[in-house]
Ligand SMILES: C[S@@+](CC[C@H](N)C(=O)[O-])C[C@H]1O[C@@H](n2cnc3c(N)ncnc32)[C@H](O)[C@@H]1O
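Shown next as structure tokens: one chain only, the form predicted on its own.
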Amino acid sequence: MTDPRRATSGAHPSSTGQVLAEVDWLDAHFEACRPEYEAMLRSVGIESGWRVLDAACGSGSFLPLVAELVGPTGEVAALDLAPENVAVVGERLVEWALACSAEARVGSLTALPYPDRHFDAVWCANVLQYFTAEETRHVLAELCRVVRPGGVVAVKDVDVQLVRIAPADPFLVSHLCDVSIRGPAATAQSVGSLRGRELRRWLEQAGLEAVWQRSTLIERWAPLRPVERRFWSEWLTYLAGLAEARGVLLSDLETWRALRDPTAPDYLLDHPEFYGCEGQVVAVGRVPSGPAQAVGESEQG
């Protein structure tokens, strides 16, 4: 049976098959949300001189800021599952000539190619949504394993239930979320994309301490900057394809179909009262310094 994620236009898959994981898409998303994204990274507490892992680094957009935070005495490592993404990041590291030591390599979050307690912090952005609940527990255990006691584990992800577009039915995206997680075509990402506001509990269950969480609404109003229009247009095209595949209400489907033609004279993103909002959540915890760390390590055995 055809995977609806592969059949959907605007999916921007990487070579691994993960949707919305291709370099051009990731670049546009980051630039459209740069102020909020950088504020979220700055909030996690990365310090000068630290060794930091950007786990699932995508196109590497966060790396210059990570390098700025750790300074010339720090180190930055970037890891991604898609070889083509890592190749782009490698080229960009040369172009950027970061002040600190930096490297990029191919690897999986389910089996991180680093020794125990190797990093002072790990940053993992917009990737837990791709995993099932069981896989998420395993990934978090891996992230904890490679961070020293007292070090920081920071994860960021979307909560699609916070998405809102106007002028349109305020429940348009909510209806799509509902059929996506309850219908026969539900995928791990369908469920995972609703997990954002649960991240604090996931980190606590992973054994992290002093866990906190903050949700950020990324809001944009007409007129949109070109990069914002591109991001919203491509994302709504992808969601419209999902709506078609998942069988939303006919009244909703008519709206989604209209969102697939950015050249239409009445295209929603060109409406003078357009409003778009997405919600991103960052959750941060500390690896225990005591016996709890040993428990986390035993789970990897």
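Please read these numbers as outputs of a predicted model, since none were measured by experiment. Sequential numbering from 1, following the sequence displayed.
Not on display, but discussed next: the form predicted together with the ligand.
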Gln18, Ala21 and Asn85 all contacting the ligand in the predicted complex, non-hydrogen atom within 4.5 Å: yes
Option touching the ligand, based on a heavy atom within 4.5 Å in the predicted complex, out of Val76, Leu79, Leu199, Ile165: Leu79
The single option of Ala104, Ala125, Ala206, Val173 touching the ligand in the predicted complex, heavy atom within 4.5 Å: Ala125
Heavy atom contact within 4.5 Å of the ligand in the predicted complex, the stretch among 227-235, 114-122, 140-148, 127-135: 127-135
4.5 Å heavy atom contact, Leu109 to the ligand in the predicted complex: yes
Cys57, heavy atom within 4.5 angstroms of the ligand in the predicted complex: yes
Leu53, heavy atom within 4.5 angstroms of the ligand in the predicted complex: no
Heavy atom of Trp256 within 4.5 Å of the ligand in the predicted complex: no
